[in-house]
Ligand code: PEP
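In the block that follows, a single chain appears as structure tokens, in the form predicted alone.
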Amino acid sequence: MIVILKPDADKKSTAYRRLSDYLAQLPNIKCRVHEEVGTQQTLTEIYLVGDTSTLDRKEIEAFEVVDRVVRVSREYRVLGRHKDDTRAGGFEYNGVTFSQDNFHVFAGLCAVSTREHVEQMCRALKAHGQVCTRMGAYKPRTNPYAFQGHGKNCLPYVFELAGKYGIKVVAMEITHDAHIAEISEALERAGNPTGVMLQIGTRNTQNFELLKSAGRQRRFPILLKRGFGITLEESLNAAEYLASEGNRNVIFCLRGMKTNMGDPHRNLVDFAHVPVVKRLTHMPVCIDPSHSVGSRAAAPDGIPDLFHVTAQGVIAGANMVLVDFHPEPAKALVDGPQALTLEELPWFLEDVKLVRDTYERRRKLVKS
């Protein structure tokens, strides 16, 4: 059960204290307070955990500071969208707003290779008005002998160059809770020239201790990729692990499912789930066409499969695209065959804009 308080409810007020005292005496019920701090107001929600079936909803709604009470219908109670809940989810980080109503492209290096490649990528992004990128420092690999990223050694120049070219948010995968500390320390030493979105990859979707560690920190938002061999509900519960520890600034990423049914693509594209995730939760939804397709193959029309797949996700309402680019794909240390070139960047951005504009027109049709 969720107790939603009236906007800007004062925690020091007598009315709030009355509610707190009432909830504290409820048997076998634990309370968790979550605050959503916006630019204009603060929203407070109290999550009642335990056997809430016998609680009187109207009795709780009678308290002066309570706006309404919602009975939880799903396991993901913090991030989930419950009955009569039509709020658009989202958050702001380092001057960039991420929500279910807007859109961003995170084009960049799946794995950082050299300083020169990072600078070329950031320079190209700035030239085309982009303020977000992806840069992989830590890379989990199936083969233990494969390149697993430069790790903390590349962080200083990645952050320096991101700041130099006006990149506000860098999506960066972590595979261990120690990486959170390394990223924080490197940012501090560099003078905080940019921001970081922690990415938890498909192999770690059910690494519950990593999820808890990432959820306990509030500094960085989190991009959680769907597990490539589990159900959507299991992956949404993984996102709930993050929120249950306190960090609600979570973006959910669809990246394809591991099955031969998707051949010849690397994974079976699951972007039809974009509207499903938005319907079930407040999370903005990202798509990763690069790891879904896994190649630069093109159809007879000359348009690469990766472009077509991206369009499928964007036309369905995706709020973010995570896509691999590289100045020299042949020299990429990870996933070179699927990386687009810098010369293709303006084409990709224009193609995505066309599709996003069409999606916005589709939304207007619903309202007309």
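In case it trips you up, residue 1 is the first one in the sequence shown, and so on. Keep in mind that this is a model prediction, so the values were computed, not measured.
What follows is about the form predicted together with phosphoenolpyruvate, which we do not show.
The stretch that touches phosphoenolpyruvate in the model of the complex, counting heavy atoms within 4.5 Å, is 195-203, out of 277-285, 195-203, 147-155, 235-243.
Remark: Cys110 counts among the residues lining phosphoenolpyruvate in the model of the complex, judged by a heavy atom distance of 4.5 Å or less. In the model of the complex, phosphoenolpyruvate stays beyond 4.5 Å of every heavy atom belonging to His179. Put simply, Lys225 is close to phosphoenolpyruvate in the model of the complex: some heavy atom of it is within 4.5 Å. Contact check for His291: a heavy atom falls within 4.5 Å of phosphoenolpyruvate in the model of the complex. This chain appears without its partner; in the model of the complex, the one residue of Arg81, His273, Arg248, Arg134 with a heavy atom within 4.5 Å of phosphoenolpyruvate is Arg134. A heavy atom within 4.5 Å of phosphoenolpyruvate in the model of the complex is found for exactly one of Lys168, His265, Lys139, His104: Lys139.
In the model of the complex, Glu173 is the single residue of 154-183 with at least one heavy atom within 4.5 Å of phosphoenolpyruvate.
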